[in-house]
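Next up is one chain by itself, shown in structure tokens, the form predicted on its own.
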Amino acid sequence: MRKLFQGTNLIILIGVLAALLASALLIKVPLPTILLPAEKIPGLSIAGFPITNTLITTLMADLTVLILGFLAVRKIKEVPQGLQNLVEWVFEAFNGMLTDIAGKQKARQWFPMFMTILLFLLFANWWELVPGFDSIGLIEPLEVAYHESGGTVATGYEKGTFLGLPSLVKKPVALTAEQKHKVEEEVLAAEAHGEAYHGPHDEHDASGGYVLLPFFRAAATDLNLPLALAIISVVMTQIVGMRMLGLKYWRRFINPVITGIKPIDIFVGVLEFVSEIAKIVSFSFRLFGNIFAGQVLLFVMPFLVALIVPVAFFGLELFVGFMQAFVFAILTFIFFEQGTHSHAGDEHH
């Protein structure tokens, strides 16, 4: 321990502490707006359906998986090299794990579903870690953000420049009660004329605050994505069970044979049905909660200390992004396996 505070180590330690102190005092990083709903991109829609930043990121994750697959099999060799070798190694490792859980036949059937969920969520989560991912977008007046967020966003920042590009500076601007009332009046006037609200008409009424509307945002921070994947997982579990057991599969919910005591077995069947619904809730909020909390953490740490410290949290989110993708995929696979066991009393449990 004594050597840590001697010679070169002491100089490095002092340099790191000086960098941390300087970054906390001198480098001013605005705190991005934290909203639960995904932000709509102005002017972008398909058949009247608004395009959100999380939808764009979802499509980016889809394309990443497709491009990776194309590059991996574009020039297949008997002795794999490079990307093909890496992909084959990953697939073989997970295939071996799934075979140990459910056997070779079931692993072969459900492996595509497992890897699709895993890779999609992995890249959807990891896109958030790309530098600039959450900081590229439209800079809109605070009044517009206040209206579009339903009154949630009432604090913004002054506009400045960085490398000749428009950006926000760490000087907060908050709407006063009078300015909020003025925004509401102008919104009503614009709606009466069938127009969209684009900010104060008079520059003297403007607060001078601005908010960044990012083009990209981690896909799983929109509850719609985890909810959709959870529904797919649970519905596919019922389909797999039906294909393997036929109508006998539904005995697990209606009249299972667990203890041999009919009232208790009927109650267990009701619990089985409730547990299927609960899977949707637990799947959705586990993924959403962890990824959304990670995004907030990555927002707050650079706001507090811009240098060095955020790197550790990027490493943490790299691990969390993988674990959340893996947990979602492996639980789906395990539910498939559980769904293939009969509750009609013709199997030993």
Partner chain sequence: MTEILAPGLAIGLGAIGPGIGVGLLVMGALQAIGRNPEAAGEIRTNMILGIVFAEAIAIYALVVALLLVFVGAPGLG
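Please read all numbers here as calculations on a predicted model, not as lab measurements. Positions refer to the first chain, counted from 1.
Beyond the structure shown, there is the form predicted together with its partner chain, which is absent from this document and is the topic of what follows.
Checked against its partner chain in the predicted complex, the candidates L66, I308, L36, L59 yield a single residue with a heavy atom inside 4.5 Å, and that residue is L36. Scanning A228, M242, I101, V169 against its partner chain in the predicted complex with a 4.5 Å heavy atom cut-off leaves one residue, I101. Residues with any non-hydrogen atom within 4.5 angstroms of its partner chain in the predicted complex fall in just one of 47-55, 318-326, 66-74, 299-307: 318-326. Contact annotation for G289: at least one heavy atom lies within 4.5 Å of its partner chain in the predicted complex. At least one heavy atom of T152 is located within 4.5 Å of its partner chain in the predicted complex. For the chain shown alone, A22 is not a contact residue for its partner chain in the predicted complex, no non-hydrogen atom being within 4.5 angstroms. Using a 4.5 angstroms threshold between heavy atoms, F313 stays clear of its partner chain in the predicted complex. Annotated contacts: V90, A93 and F123 are all free of its partner chain in the predicted complex [non-hydrogen atom within 4.5 angstroms].
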